[in-house]
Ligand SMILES: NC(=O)c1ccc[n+]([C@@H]2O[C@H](COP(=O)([O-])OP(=O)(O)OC[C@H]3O[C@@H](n4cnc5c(N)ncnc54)[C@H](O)[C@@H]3O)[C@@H](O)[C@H]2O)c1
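Consider the single chain below, provided in structure tokens and representing the form predicted on its own.
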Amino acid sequence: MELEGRVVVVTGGASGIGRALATRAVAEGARGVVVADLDGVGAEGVARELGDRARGLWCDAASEDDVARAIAVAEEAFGPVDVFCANAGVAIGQDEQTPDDVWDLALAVNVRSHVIAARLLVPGWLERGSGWFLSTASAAGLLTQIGSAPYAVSKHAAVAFAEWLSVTYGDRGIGVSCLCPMGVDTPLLHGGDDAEGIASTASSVVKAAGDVLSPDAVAEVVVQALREERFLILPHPEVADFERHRTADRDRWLAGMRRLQRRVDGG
């Protein structure tokens, strides 16, 4: 999967990883890129910087009407969508006491938005025999997230849905990749959407767990992984070791995570 000549849609494209993916797609020679974000002004600003091969628009990734509109903008300006980057995400909530509306938002943006995009795109991709779905999940989707149950649960679900897409449609021309980084230098890491939740606890754990990468460095890893048509994209390679430890001896891994939780609780 080369991005040259492709039509790409990126949700959450106004900043962070989304912005870096949109920028890199244009640099790789994409025919057109649609930058979609709740920050419509930011999305339009990114598109202006990228030039004639980009369009920016306000979009709620959890709204089927909005995602359909983003796809329609791409089709009208550049042609059928080849690559969809389901990158929009929220980092909110803390534990089982987190209110239902916060849980609902985490699941809507981090999981159901992926389902919505696939629902709109898969029929056309099957008809054409090609298409690529890039899911931005998290290392938390392979492991867990100290400090935020909604984030951990929704990111696990995002990984599971990406796996299901690959299993179901991988032999019918549809490629799927799942991006699972740890710390990336984005607004989500430094503030999140919930200053009392993930930003105050989980974010500090992520920063301490490994290198904090730039969004551009992550985009570089993504482009290479797409070129190699890999499912799992790990900008932090150590995540593969963490996952192996988890699956090899889950009780031992859980005990280790509880030790980490005690350290966090103790400041």
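All residue numbers are counted from 1 along the displayed sequence. Being a predicted model, the structure only gives us computed values, none of them experimental.
The form predicted together with the named molecule exists for this protein as well; it is not shown, and the discussion that follows is about that form.
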| property | result |
| --- | --- |
| Partner-contacting position among Val90, Ala162, Ala117, Cys85 - heavy atom within 4.5 Å of the named molecule in the predicted complex | Val90 |
| Single option in Glu28, Asp39, Glu220, Glu238 placed near the named molecule in the predicted complex, where near means a heavy atom within 4.5 Å | Asp39 |
| Contact stretch among 224-232, 238-246, 47-55, 30-38 - heavy atom within 4.5 Å of the named molecule in the predicted complex | 30-38 |
| Ala14 within 4.5 Å of the named molecule in the predicted complex, heavy atoms | yes |
| Contact test in the predicted complex: Asp60 vs the named molecule, heavy atoms, 4.5 Å | yes |
| Heavy atom of Gly175 within 4.5 Å of the named molecule in the predicted complex | no |
| is_contact(Ile71, the named molecule) in the predicted complex, heavy atom dist at most 4.5 Å | no |
| Stretch 154-187: residues contacting the named molecule in the predicted complex, 4.5 Å heavy atom cut-off | Lys155, Pro181, Met182, Gly183, Val184, Thr186, Pro187 |
